[in-house]
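In the form predicted on its own, a lone chain appears below as structure tokens.
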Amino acid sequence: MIAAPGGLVGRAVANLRRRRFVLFCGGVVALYTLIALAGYVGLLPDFQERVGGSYEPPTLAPATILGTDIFGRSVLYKVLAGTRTAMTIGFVVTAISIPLGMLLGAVAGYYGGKVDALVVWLYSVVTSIPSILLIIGISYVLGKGLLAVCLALGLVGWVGLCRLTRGEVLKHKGREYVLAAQLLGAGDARVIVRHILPNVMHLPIVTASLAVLDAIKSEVILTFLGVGIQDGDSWGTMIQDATGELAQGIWWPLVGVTVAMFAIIYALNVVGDALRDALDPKLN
């Protein structure tokens, strides 16, 4: 292979370590991930539990630091439950879309011909339909719920990475190190996996951080529109409820969920930009 991935990754890690704000944002992402994990092992408080009266404003007590909702439930606990849902969807959707995009892009770029034409036709069909409409349509077919949202977002979110990977593989497959591997008897799978993909691994790494971000925002939009998470543990549900609460002067539920969303979305944006700057060979 023409590039030493370890050298690129080593320089990227050294570059990121010097940027304290990027490390801070990475810590925010790690904190949200830990909250999600805590929810799955039963360490988060029950967001359905009544902790006070209806629409109590924020107090200094831990349970009511963000106030309560109409049923006297803690807004903080609902935000934490929504964090678990958001991070779960972000990571599951990324785990679906990134390998799918890499696989289709690598196969299309390497083999070309009819295989390339088929993949190009497939992502052209997907992109010809507005993504939000396609996601809503798939969600309706699969049914409402966490699994349906993850599959819908994952089956739509692979296109961007597929295009990037296809273009990079097209450039690499004719280079000397690939031709040398083929002359030595390496099979197609070995050439793609062992020689070409290590030279384009910056693409899925950078795309993954942005995919988590897009999945979180898309889930909130779908739930707000009524085709996402329906059991209440979603930021989209909180925003949907807040549309009527604001008219009554009840501002704290919306503020709580907005701050939580802003923190993770901003942190993922910063981390994604930093990873792109550190790992993209064109910028180094």
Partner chain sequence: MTAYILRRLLHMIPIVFGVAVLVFVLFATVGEDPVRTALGSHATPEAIADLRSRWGLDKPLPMQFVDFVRRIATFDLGESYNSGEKLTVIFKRGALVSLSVTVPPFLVGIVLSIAVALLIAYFRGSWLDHYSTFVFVGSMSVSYLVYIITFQYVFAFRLDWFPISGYEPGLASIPYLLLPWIIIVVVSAGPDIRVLRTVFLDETRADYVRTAFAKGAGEGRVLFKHILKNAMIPVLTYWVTSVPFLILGAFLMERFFSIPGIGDTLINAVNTGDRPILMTLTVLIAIAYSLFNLLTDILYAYVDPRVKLS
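Given the structure is predicted, the values throughout are model-derived calculations rather than measurements. Positions refer to the first chain, counted from 1.
Just so it is clear, the following notes concern the form predicted in complex with its partner chain, a form of the same protein that is not shown.
- Taken together, the three residues T88, G160 and Y177 lack any non-hydrogen atom within 4.5 angstroms of its partner chain in the predicted complex.
- In short, of 50 to 58, 63 to 71, 241 to 249, 32 to 40 it is 241 to 249 that has heavy atoms within 4.5 Å of its partner chain in the predicted complex.
- Not displayed here, its partner chain is approached by F21 to within 4.5 Å at the level of heavy atoms in the predicted complex.
- Taking the partner from elsewhere, M261 is found to have a heavy atom lying within 4.5 Å of its partner chain in the predicted complex.
- When contacts are judged by a 4.5 Å heavy atom cut-off, P130 counts as touching its partner chain in the predicted complex.
- Taking the partner from elsewhere, L100 is found to have every heavy atom lying beyond 4.5 Å of its partner chain in the predicted complex.
- Residues W121, S124, V125, T127, S128, I129, P130, I132, L133, L134, I136, G137, I138, Y140, V141 are the members of 121 to 152 with a non-hydrogen atom no more than 4.5 angstroms from its partner chain in the predicted complex.
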